[in-house]
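Given next, in structure tokens, is a single chain: the form predicted on its own.
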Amino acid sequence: MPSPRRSVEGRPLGVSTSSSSSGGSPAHGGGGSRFEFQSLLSSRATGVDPACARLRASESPVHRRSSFPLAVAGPSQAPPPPLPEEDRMDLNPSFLGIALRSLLAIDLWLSKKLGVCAGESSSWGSVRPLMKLLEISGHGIPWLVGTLYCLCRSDSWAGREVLMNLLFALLLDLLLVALIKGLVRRRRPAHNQMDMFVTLSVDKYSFPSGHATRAALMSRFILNHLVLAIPLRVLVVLWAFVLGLSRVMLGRHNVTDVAFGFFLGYMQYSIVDYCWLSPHNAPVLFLLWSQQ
């Protein structure tokens, strides 16, 4: 009797195995594993992890505002463009920048420590009236009014020449200090009480100290154009130094404001001395003033 035809595996062709009947047709529930295997292959081909995709779908930007988005790395994703130079964080600042920040911190700390007369409740609050009297002695308005009065009362050409240049120095000081204050716009110390003698709109700024520039300018002008005894010359220098120190003690300025003010006032006299007004190079001014 002829044997039935067998397949390669040794089973009859007409008889189907349980594995083939259970996994061949999707109607019997066996196609789910194959479709899941195909979806896994397709997700790996696109480079998206199914678990990460489900996690991202469950997250809400409303409830997770502070969380970072999950990074998706794919072979087709282009790298982000590099940031421009001005948008990059400077992780290695220069030595000059570190030195300037350190000096600024020291300046603020030292100015606060020396502001012992900034208020009535300060440690040296009882000395505050004397410091305010020194403030008036270095103010620009008394110097301008006194110079104009002496210029009107002077009857000699030599006196008028000195007073004319003194007036020129005071006006130059006011102009330069106002210009630098408007450019720098540094606020006065936080412990300062705005109860100065006379204040203008530009005086709400701190750098440089106008009193310090005027003290250095006037002391150098007086020492070069007035014949004084040695004790008086020492007194003039001491007045300029104490006036600058009082600006820090009252809390009006920082230490660097006064230091730069001394330097600026010293250089202002050099400008006045270079542009010295005399009847020879500015005869019109002297003729106009002599007719008054």
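Numbers follow the displayed sequence, beginning with 1. Here the structure is a predicted model, which means the values were calculated and not measured.
Keep in mind the form predicted in complex with a small molecule is missing from the figure; the text below concerns it.
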| query | finding |
| --- | --- |
| Stretch in contact, per heavy atom within 4.5 angstroms of the small molecule in the predicted complex, of 105 to 113, 154 to 162, 134 to 142, 120 to 128 | 134 to 142 |
| One residue of Ile180, Met196, Leu172, Ile222 in contact with the small molecule, assessed in the predicted complex (non-hydrogen atom, 4.5 angstroms) | Met196 |
| Arg186 within 4.5 Å of the small molecule in the predicted complex, heavy atoms | no |
